[in-house]
Ligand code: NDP
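Next up is one chain by itself, shown in structure tokens, the form predicted on its own.
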Amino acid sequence: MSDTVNLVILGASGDLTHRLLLPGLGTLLKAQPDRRVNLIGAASEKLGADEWRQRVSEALHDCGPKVADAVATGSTYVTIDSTDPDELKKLLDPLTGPVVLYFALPPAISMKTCEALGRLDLPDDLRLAIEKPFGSDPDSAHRFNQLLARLVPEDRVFRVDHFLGKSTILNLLGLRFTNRFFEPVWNHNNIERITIVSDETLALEGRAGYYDHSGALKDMIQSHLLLVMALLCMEAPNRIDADELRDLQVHVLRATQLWSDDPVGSSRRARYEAGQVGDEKVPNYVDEPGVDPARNTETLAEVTVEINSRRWRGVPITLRSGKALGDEVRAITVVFKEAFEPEGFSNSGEPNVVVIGMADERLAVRLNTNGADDKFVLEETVLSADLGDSPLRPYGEILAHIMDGDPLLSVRNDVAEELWRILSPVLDAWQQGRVPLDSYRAGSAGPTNWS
């Protein structure tokens, strides 16, 4: 940690930087005070030095005044057109030591910025951190990967998916591969079905500029939830390192296809209408500022896939994510097949279930046990454990690996392209109107016709 790392954030005046990147950086520097970072904000918006430092200080408030003051005082801000090679050269040339160029930019601007970088002699230790989505379909993802490959080696490209920095998601590695009673039963012989859900009560929250061009499928399922599935279902690694882990992820993804290879029957979509979530009234999605109703953007998406492998063939895996729903549900649920039950019990037991919370950091295992009052009546017993939260926010975990030059938690080029391949038939079917756009009241559990 002796070298000072130059963290240059392009698009530094935006919401991502203030809401996620800077607070994540703050938790990292609070947990690792010896780490040395030179923070440079860069964006097209004109900001004075004092205004920028005030924004940095506010974003780092929860990390304590010592961290906030130290980062803010040493930080600088540059007004820049990131698609202009000359301006990028002026930004990068004075920097010495490792440089992390973080693209907190819309995807189209990120690609134009990379094209501009291609006209420069780049620093030897330049690392590129690219926010999702990585392209908009398999072809654009492939073109973006080719562009990045002309700039720096693949191990210095960090495609950021902050779900990979969540402590619960990283806990999957320990849970799956260090417990003998899980690994032998983690297959289609024992598991009936899997669901991976990320439902939230939040509505659009002023993000129409991004979300209305994306929707729930691209925003959550195409990137986050498919990667969670890959970690949950991959084969056992011999060691935890970047090559091994990502080789196994892409092995799972290459074997993944839509359930019954049917984009219509395997997918559903819906959009919220006016309602109430808790005490807050939520307007109709199409009435939100910045929304174009003609785009038919979905706010709730569900897709069922199958991993066509020896371990998983025949197990439906349902991925779902939505906004403005009545309950916040972020969990992986693994439902096991029914066990053999000897005659003599007065009732049937329920299937065993493992629930891994992606928000509350909890593990629950549902078992059948003898009833307390009548030993021949089966009742459900839940064993639960707190998995423990990390002192680092997900973006802090991600930034630590980028600054250390470790691509363990970044999305590799072939992984990014496989994510698009899996869901491109669904996107095509939706574009053609072959899957209806259902509706649901904000604050409800979803469309009434969804079972």
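Computed from a prediction, not measured in an experiment: that's the story for all the values here. Numbering starts at 1 and follows the sequence shown.
Missing here is the form predicted in complex with the named molecule; even so, the following discussion is about that form.
The single contact residue among Pro106, Gly349, Gly118, Gly265, judged by any heavy atom lying within 4.5 Å of the named molecule in the predicted complex, is Pro106. Among Pro133, Gly215, Gly165, Gly275, the residue placing a heavy atom within 4.5 Å of the named molecule in the predicted complex is Pro133. Using a 4.5 Å cutoff between non-hydrogen atoms, Gly11 counts as a contact of the named molecule in the predicted complex.
The named molecule is not shown here, and in the predicted complex it never comes within 4.5 Å of any heavy atom of Asp69. Not displayed here, the named molecule is approached by Glu45 to within 4.5 Å at the level of heavy atoms in the predicted complex. With a 4.5 Å cutoff on heavy atoms, Trp52 does not count as touching the named molecule in the predicted complex; it lies far away. Partner contacts here mean any heavy atom within 4.5 Å of the named molecule in the predicted complex, and among 178-186, 313-321, 267-275, 125-133 they occur only in 125-133. If you take 63-86 and check each residue for a heavy atom within 4.5 Å of the named molecule in the predicted complex, you get Ile80, Asp81, Ser82, Thr83, in sequence order.
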